[in-house]
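Next come structure tokens for two forms of one protein chain, structure 1 first, structure 2 second.
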Structure 1
């Protein structure tokens, strides 16, 4: 089995396991006590803090250990907003932040604050000029991830931090995905990370608050971790987290170069091997180990199960794998295809042979999943000379009443009540029934259709003319 979901979590790094076991016998006592056992525990905690601070690039007294990366984000956002409440109550975030940041933003809105969400381009990257324009005198805090967790795009953090410093706005950086590879550049004010992303134990996060940043911890007062993470410290886990971060950083440069070459191979070969597939995310300014692609006419959950059966553990931002049946907020903000989405994130040590096995297996797996929904090769017509190929399927649709024609060269497809990828499949079959310049009206009430129908047009060259309610209009390309 090949585990290709490093962006979600990693198994314990050997150094983390060794440090965890060694510190279980030494780090059980209360580090706040002055007796011998307490002093020994305090020495372990202080050494872990020093090591982690060196890896992050901050002072040890600026770094605090939290129960998780999510806790670090929530505590960091709440504390910075509270500390600067006299400045204003406006929070600036990018549209592709981790859900933990967006949930904190929603809570801020419910409490009477305002949130400005900065859009991204199709590569998932914020525009620095737009970012700067979003800042202002009433802005209490800005949040920008260092690299995106779903598509790997690296954000212009240094430039954003410079703009924030110029306007006096603190910048919180969610560095969960990039911290294992390198320190975060720029004059940022707060930073968070999560140990299980780099092979440390789960249940350990980092919160860094630079000296001089106005910060007021929320909730009941606690003497632990300067009040920023109340509760008894899990010293063995903290020691293991710091040790593993130091270990992965020592290997990061060489491993990043090796994995980047493997990801480049996947990015180049997947579109050639699997027809009608879109690789998303910035092709150059990206994490070295992560690649995301979306396949037309594929049920995302079925694809993940099929890849798992074939021996590959991957993840997805597809709406078809979500309990809410809505597309990933990241893919939606980028305006790219969400159906059949696959995120491949390679852990350190992934071999050339594993990647080749994945590339060999992928075309057959996708073809099999497409066949399950009637979209195998040859069953879809998306324009050009394909009208004859789709005649049989379209005739069946006309017979059962799900497709109607009109005298002004329009075809109406009723896909209401059908979930992704079926509305797009029916659109692709119907487009061959109208001449060049003709229109297909798709009736679809699946939330994913609002993303996937325009994305399908972008990929196939047809024109998306807009949506009104559940009606989507697509004009067939000429030629």
Structure 2
């Protein structure tokens, strides 16, 4: 078994386990109490705060422990927005922030505020100039992740922070993915993190609010954690979180270099091993341990299950692997293929052999999943060199009766009611039916089609001519 989903959650680091066990005995009492058990708990809490602050690069009294990274984001965003509500009610975020940030932004909109979502390029990176233009006098807060959780792209945080500082807008950095690797650079104002992303226990987030940043805690008052994280302190978990962050950081540089080489190998070899696959995310400015790719004609959920059976645990931003039926907002914002999406995030200690086994297994797994939906290699004649192929109709596609040929070298495929990846598979089969320059109209009501049909065109060289309602027009290359 190889667990390649480090970006979701990590097993407890041995240092975290040891610290947790020790502090279960020492840190269970209420640190607000005056008795010896309370004072002992307070000492542990203070020491953990000191240690975490050193790793983050802030003062201990700027760092608050929260029950999760999500709580840190929700509390940090709400507190900073409220603290600056007299300045303005505009919030700037990147379009590829974690859903906790985007949900907080939606809550801000429901409360009457406005949100400016800064677009990203096809690699998932915000443009610094566009970021600067989004700031302005009425801007209360800007949020930018240090690195993207789905595709690994590192954001220009230091540059964004400079622009924010210049306009007096506080920058909140969601550092959940990068904090295990290094401190966040630049002159940021608020920062959040989540311990289970670095091998700490669940139940611990970090919220750092720099001195001088206007901040007004929202919700009911509470005496704990300077009013920024209500509820009884989870001291054993906090101690374990702080200890493991230091332990992980001590090995981060060497481990990052090693994993970066393994990820480079996956990035290079997957497109060669698996036909019609796209590696997404910035190839250079990226997290060391994370790589994401999408495979045409693949049901993401089926692919995850097949990889699981083959002994590999990965995650996916495909719509069919989530409860929402919409593809990951990150892939959507990047405008890249979402079907057959796989995120591989290697935990520290992943061996060469595990990665080799994965690369050995992947082609067969993808082929098997494609065969299940009638899209095994050879069944589809629509590759990047589509224009040079014969225009012979695919017997499969004709046989299912969903395709009609119009007078004007146009074929219409009715894929309504069919979910990803079927609309794209039917498009791919139909493109062989029209001559170069001919048009395939796809009727599709699956949300993913909106992303995957244009992305398929980008990958295969055909021309996406636009969508109107449920109708997508694709012109065959070479016309």
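In this text, all values refer to a predicted model and were calculated from it rather than measured experimentally. Positions refer to the first chain, counted from 1. So that the term is clear: the rigid core is the largest set of C-alpha atoms that superpose within 1.5 Å between two forms.
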Looking at both forms of the chain, which one is the form predicted together with a further copy of the same chain?
-> 2
Any CA movement of 2 Å or more for residue 416 between structures 1 and 2, core superposed?
-> no
Kindly check if the Cα atom of residue 35 is displaced 2 angstroms or more between structures 1 and 2 relative to the superposed rigid core.
-> yes
